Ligand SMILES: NC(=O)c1ccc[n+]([C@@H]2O[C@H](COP(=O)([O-])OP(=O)(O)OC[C@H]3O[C@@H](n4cnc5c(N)ncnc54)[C@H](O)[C@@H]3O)[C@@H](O)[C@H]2O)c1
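Below you'll find only one chain, the form predicted on its own, shown as structure tokens.
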């Protein structure tokens, strides 16, 4: 088996999850180098996580022009994703790209098409696809085990205080981050539509800025019509208590229902058949049979699962579970939500023209 050499661009808080994944996958991954404008911070992070001999650069282009690596992890502010990912793909590297893919629908499409052109993998940081049982549920929903899907809901109440936004100038800005929907909810949107097995064809949305002093929204809601005829409803907010974070997904079907998520860091599962009987243990047994106890450990750090899946995709020339197309469609859907809020009307998906988060500049000042 190949042992892949990896580089990280951006050594902020998310990069710690990548380092934890490398520690679990030492037989397949070797961290060679990192790049961050704050080289002292990068040095401290590597030392704290026990990584020695890793080269540190202040410039990612210099690093990738100097070092020979196979995979590059991009963990910088979202507004920088497009430029850096384009550079990495043109260097012939596979990518693990944090969400959202980019801050505009056209840039996401370009990255998706470029990844196909250069024949390199993009694994998106859509962590919810990698939670245990999720993949099995998707297969059963797709096979019709639960009958026709009527509707689904997402509730992402991922509270952050003002101190979170004040910790970095780019947080909560339309150019580099977006609001509660773009940053905290995009992988939840991705998961719900993936589980429901249908893409959104139209959306109606509303945004609000209630408690946080930021450019973008701290509350957002949307209703999506899917190609299948089912409906999906989204609530995303950071204007809740930071100590009471939750992300819950529910899908309602002709022959049962599926609810799963996280509440204060603890997993929640409620799977029912058409008679209302719990099937939780049935699905736990299925997951144990498929992946053993090891697969449940991915819930503690889903990035381990993302890297394991990316390695498997490279080894076997397949696509990652959360691939470049997932990155593109989730951004296109989210930009449709933003356009709907801005224009005050229903918006058809996929978008017929480009829309970027920066098109929302001064949105709340005009309300």
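Numbering follows the first chain given and starts at 1. Quick caveat: nothing in here was measured; it's all calculated off a predicted structure.
Form predicted together with the ligand: not shown, discussed below.
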query	finding
Proximity to the ligand in the predicted bound form (heavy atom, within 4.5 Å), stretch among 86-94, 142-150, 108-116, 123-131	123-131
The ligand contact in the predicted bound form: residue 281, any heavy atom under 4.5 Å	no
Any non-hydrogen atom of residue 35 within 4.5 angstroms of the ligand in the predicted bound form	yes
Distance check, residue 256 to the ligand in the predicted bound form, heavy atom within 4.5 Å	no
In the predicted bound form, residue 208 touching the ligand (heavy atom, 4.5 Å)	no
Proximity to the ligand in the predicted bound form, single hit among 98, 190, 215, 218 (heavy atom within 4.5 Å)	98
Heavy atom within 4.5 Å of the ligand in the predicted bound form - residue from 233, 288, 201, 168	168
82, 175 and 326 each touching the ligand in the predicted bound form (heavy atom, 4.5 Å)	no
Contacts with the ligand in the predicted bound form - residues in 288-306 whose heavy atoms fall within 4.5 Å	303
